[in-house]
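Taking the form predicted on its own, here's one chain by itself in structure tokens.
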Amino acid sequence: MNKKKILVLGAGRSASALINFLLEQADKLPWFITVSDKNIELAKDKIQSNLHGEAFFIDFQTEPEKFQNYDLIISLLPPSLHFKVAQICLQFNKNLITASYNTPQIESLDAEAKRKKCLIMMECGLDPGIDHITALDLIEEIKHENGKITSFKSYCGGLIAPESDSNLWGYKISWNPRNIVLAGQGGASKFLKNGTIRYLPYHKLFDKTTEISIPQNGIYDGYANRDSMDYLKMYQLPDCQTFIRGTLRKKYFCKAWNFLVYHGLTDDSYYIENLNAHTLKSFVECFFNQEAINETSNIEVINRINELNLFTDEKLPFEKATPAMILQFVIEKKWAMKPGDKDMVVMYHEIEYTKNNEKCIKKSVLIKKGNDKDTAMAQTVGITLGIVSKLFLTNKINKIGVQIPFDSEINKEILSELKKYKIAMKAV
């Protein structure tokens, strides 16, 4: 039997669980896995001495023809690169699976993908990914009971486990730090509330949060994530008056982060020159000073901003950088995971519906902690990607074109596989 050849692009934070999953499957299935990353030592470390894998760097920009050697491409590259990767996949009639959001650019490739009988499967990670799969399962259950859904709220956050929570922000970095700094900057968030479409521009996003209380877990702040309205029709909820998809952070995180947004430290739209002549303090004082922090009326905000220790004489390791890049430099040190630290993923669905003229509500939560081997973020993203890849390579996914995981039968298979890894929602 011919071996199926899989190319994994990217060996970063979320790759380890995916690669381990694929290598474990290769013990039973005729697979061979290639991991490509600019940091070849990082890629080799993911493969170790496993006979079912290899590691080297493929520069798809200059040597796209190498895609011809593979049956499936799995991309963990930055989302901005996926359109180019997808174009190359179609050029050589190859299939692509990623954890990133579908985009109008990617969607524009649907007709060509169908013509070439190729699959481009997007949104197969945690959020987006598991959020869709588990929400649709819950929605299907309610509809089977003849319930009419009137409100849908779903929130997810990559957080720190309580036993490893050692800073006031209740946060440490378990995934791409650049994405943490730039969260919410992809345009105004859009959602449905009480029958009215609402918009939240970036400068108000972290100030207009909702308190989310999860039984036996804690109190969080939730902020609206991207354009929820894109999914309202996909979820097939014609009677829904409130539809919100959002992100979770520990209480007070958003208020403190909003201070940084307001004062311009998350701005990535311009570069500041001659930074090697600056200290961290002199840079920050271009935007605000200690007095501005003290003038904030919320002591929770004051304490969190002060904990970042922004007014030091530390030299900046840049000649030029955006404010967001410098803030990333700060938080990568302040919020670094320490040896033994565990991260935690929390996902929460809350659905209100009517049944026999009675108002009902279902709440469910997924809580997954990291282990000594992989972060919770790597597990939930990587294992989901791996499961979808396995279903495709074993002919249980026969779709073509640009897809996201909205097929009920396929989703049941994914949910069943995820439970084996203790990744599952529970009613609360």
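Quantities reported herein were computed from a predicted structural model and do not represent experimental measurements. The first residue of the shown sequence is 1; numbering continues from there.
Form predicted in complex with a further copy of the same chain: not shown, discussed below.
Colleague: Is residue 196 close enough to a further copy of the same chain in the predicted bound form to count, meaning some heavy atom within 4.5 Å?
Modeller: Flag for residue 196 set to yes.
Colleague: Would residue 335 show up as a contact with a further copy of the same chain in the predicted bound form if we use heavy atoms at 4.5 Å?
Modeller: No, residue 335 is distant from the partner.
Colleague: Classify residue 263 as contacting or not contacting a further copy of the same chain in the predicted bound form by the rule of any non-hydrogen atom within 4.5 angstroms, answering yes or no.
Modeller: Close contact exists here: in the predicted bound form, residue 263 approaches a further copy of the same chain to within 4.5 Å, heavy atoms only.
Colleague: Considering only heavy atoms, tell me if residue 288 and a further copy of the same chain come within 4.5 Å of each other in the predicted bound form.
Modeller: Because a heavy atom of residue 288 falls inside 4.5 Å of a further copy of the same chain in the predicted bound form, the answer is yes.
Colleague: Find the only residue in 319, 207, 110, 141 having a heavy atom within 4.5 Å of a further copy of the same chain in the predicted bound form.
Modeller: Exactly one listed residue reaches within 4.5 Å, namely 207.
Colleague: Pick from 272, 212, 118, 346: which has a non-hydrogen atom within 4.5 Å of a further copy of the same chain in the predicted bound form?
Modeller: Checked against the cut-off, the match is 272.
Colleague: Please pick out the stretch from 196-204, 153-161, 74-82, 125-133 that is in contact with a further copy of the same chain in the predicted bound form, where contact means heavy atoms within 4.5 Å.
Modeller: Within 4.5 Å of the partner lies stretch 196-204.
Colleague: Any residue of 91-129 with a heavy atom within 4.5 Å of a further copy of the same chain in the predicted bound form counts; write them all down in order.
Modeller: Result: empty, none.
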